[in-house]
Structures are given as C-alpha cells and as structure tokens.
Ligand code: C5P
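So this first bit is one chain, no partners, the form predicted alone, shown in structure tokens.
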Amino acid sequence: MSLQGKRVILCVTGGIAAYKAAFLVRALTASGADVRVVMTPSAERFIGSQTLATLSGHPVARALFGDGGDVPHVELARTADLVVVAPATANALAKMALGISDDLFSATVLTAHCPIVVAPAMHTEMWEHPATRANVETLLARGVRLVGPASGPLSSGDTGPGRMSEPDEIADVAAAVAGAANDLAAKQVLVTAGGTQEPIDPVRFIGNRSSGLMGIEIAAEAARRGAKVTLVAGPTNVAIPRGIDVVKVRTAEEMRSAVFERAAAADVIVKAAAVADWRSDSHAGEKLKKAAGPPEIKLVATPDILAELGATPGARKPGSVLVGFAAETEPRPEKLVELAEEKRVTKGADAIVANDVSSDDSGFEVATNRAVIVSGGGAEDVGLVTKKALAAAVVDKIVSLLDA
C-alpha cells in the first residue's frame, strides 16, 4: 500500500528509540507521505530536530504556542490524514489515554480526528505494569492501532518486550491504516442497531436487552472509512457519532419499513439490530390493570427482515453485500460457525456474524463480544474483542466481499 498524497503527523516522544524516527521519516516519505514532525522536549535529548526537519522537508513543530494568531496543534490535527506516535513512551500512552494536553504532542493527538498508529517503546517493567496495560486497553477500545512492541535488546543491556518495532513495519501499518480510511468511499451503507419494542399496552412491551452499541460501532467504522451511512436505530441510550444519518424506529414493522425504503440504494446492508422475534397479536389502548389479573397474550411472529432482504427480488441493489447478526447462547466457536453458516444459507446473506451471549463478558449490555464471522469463503474466529474491534473486522470482511 502507498501513502501517496497523505499528510502524516509523526509525533516523536522521549525514549532511546527516538533515533529510529529518522529512518521512519524516510520510510514514510518514500511511500509518498507528506510528513510533519512533532517532537517533545524529551525527544530532543535523543535526536536533533534538524535531522528530522531535513529528512521531512519541513520545520519540526515543538511549541504549543505560536508567535501569531495561529494555534499549532489545531492546524496540525485538522490537516492530518494520519497520526503516528513513534516511539510512544509509557508517559505518552498515559497522556493519550487520560486526555492530558499539556504540550504540543498531546494537544495535537487529542485534537486529531483521523486514524492514529502508536508504536510503544519502553523497558519491559514499564510495558508490563498494570497502569500501562490499562492505558493500552483504553486506547485500543478507542480504535488506536498498535504496532508492537517487539521483544529484543533494550537500553542498559536489558532484553525483553518493549523494543520499538522497526520503521519499515510501522510505515507498512501506517499505509494500511490510511488506505483503510477510504476503502468505503462513495459507498452507501445501511445499518440497523438496537432492539425493538413490541407494545402490549401503552406502558409495557416485548423486547430484549440490546443496547445498540454493536450496530452503532459498525456505522461509525463504515463512516470512518468514507461511506455515507444511514443508521436505522431502535430505542438506545448509546451516543451516535456525528455525520451519520439516523432514522429512529420502535417496532419491528417500523424497522422493516425504514429498511426497505432505503435498501435498493445501499451498497452494503448490515442487520445488526436485535429485532424482537414475537409481538402481541393486539395491544391495549389503555394500561392493563394489575388488579384485573394476568392478560391472555397471543404471540405472533414479527417480520424476518434479513430473510426478506435475502429472498425478495429487486429489494437490494445488484452487487450489494448483505450481512446479518445472530445472537446465540453457544460458547463453542466451532458450533457458532455451524449455526452461522446455517443462518447464512437460509437467510440468503453474504455473511453472518454469530456472537455468544451466554456469558457476562459477551453480548448484550457489555462492551465486548465473542464472535465468529462466516461467509461463503470460510469462517473467522475473532475471539473475545471489543465491539469496536469487531466492527473493524466486520467492515474488513465487507470490503473483501465488495472487492470480490
């Protein structure tokens, strides 16, 4: 992959691995990037700013405050296609995780809304410390891409995990991340999210525990990759990122209508909503009184939107990709794959994401999922990951299906 025409902000923080920044600048520029370097004062104790200025062709940015009316960190962040932090010290990771912005590096990273690649470098004890591990998990959950660290010789004659990855590897990951940021450009993506509420009376309904987070993460990931995204969302308290068109619905029938109104124009449809499978055949216009005793409720099936999309001629755009989700109480990955493949075939979908909802750390109302992704080309066991990470894996699969 190439970085041709991309503006990359390289943030160099203060560790011995800062000397590798010179080789990283050369690798990034060789890939076509326009590199602007930000250095912390500590970084300058390991490598001179003039070296990086000469290699990048631009003055190195060091000061949080400029002489004029410009705001350096805002100008840097707004024009960036990608931010790379290499080396990223334990202190740098902590600042990024906590949102501290007391120097040009941390203020620039906090302002940036582009993808961020981080290459940690520190002693093994620092890398393995619970505080650092927690900071890394926080950054990963926000979508930061980690490169390394590798295991090998460290300063002071030590050996172990904490060595910064080599510049060519970092540049390759940077190119892949920057490329992925536009791999859904000009595509129309339709995503459903959340549960539905099927009324029994004005205050009671049949529903489920879905928060909508998984579908919203997929919508956000597709938007980050350049797609125009429409989200059909059932009731949810999860914040929806800006730039996504939102259609709010409550019942399965409302969701079906909203989806079919838009399906024919969509290049990708992702049915991540947990639609209630049944509804009452009628619902009371007034609140049912408890004193009157339990009401008799006859359940009827709600529409199977995924199956309809897969089976109805003309409902979808030719060449579009249809992805469904399946919530299962099945912890065994091999069995999850079987269930997903069965559903993929019967529903007429291009791919099914099956996730286990039988444990406390996966499924509804938590930030992680244990899932498999099954398509005609085979199965991928994603394992237990954040919903943000699963969204990235699902969108990767969608891109490959579109390419095919």
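Since the model is a prediction, treat every value here as computed from it, not as a measurement. Throughout, rigid core stands for the largest set of C-alpha atoms superposing within 1.5 Å between the two forms. Just count from 1 along the sequence shown to find any residue number.
Just so it is clear, the following notes concern the form predicted in complex with this ligand, a form of the same protein that is not shown.
Stretch-level contact analysis of 142-150, 282-290, 318-326, 226-234 against this ligand in the predicted complex, using heavy atoms and a 4.5 Å limit, identifies 318-326. At a distance threshold of 4.5 angstroms between non-hydrogen atoms, residue 302 is in contact with this ligand in the predicted complex. Contact annotation: residue 306 falls within 4.5 Å of this ligand in the predicted complex, judged by heavy atom distances. Heavy atoms of residue 347 reach within 4.5 Å of this ligand in the predicted complex, making it an interface residue.
Although the partner is absent from this view, residue 177 stays clear of this ligand in the predicted complex, with no non-hydrogen atom inside 4.5 angstroms. Of the residues given (137, 158, 277, 261), 277 alone sits with a heavy atom within 4.5 Å of this ligand in the predicted complex.
Put simply, of 273, 216, 266, 171 only one has a heavy atom within 4.5 Å of this ligand in the predicted complex, and it is 273. In this overlay on the rigid core, residue 103 has a C-alpha that sits less than 2 Å away from its partner position between this form and the one not shown.
A movement of the C-alpha atom of residue 81 falling short of 2 angstroms is seen between this form and the one not shown when the two forms are aligned on their rigid core. Relative to the superposed core, residue 198 undergoes a Cα shift smaller than 2 Å between this form and the one not shown.
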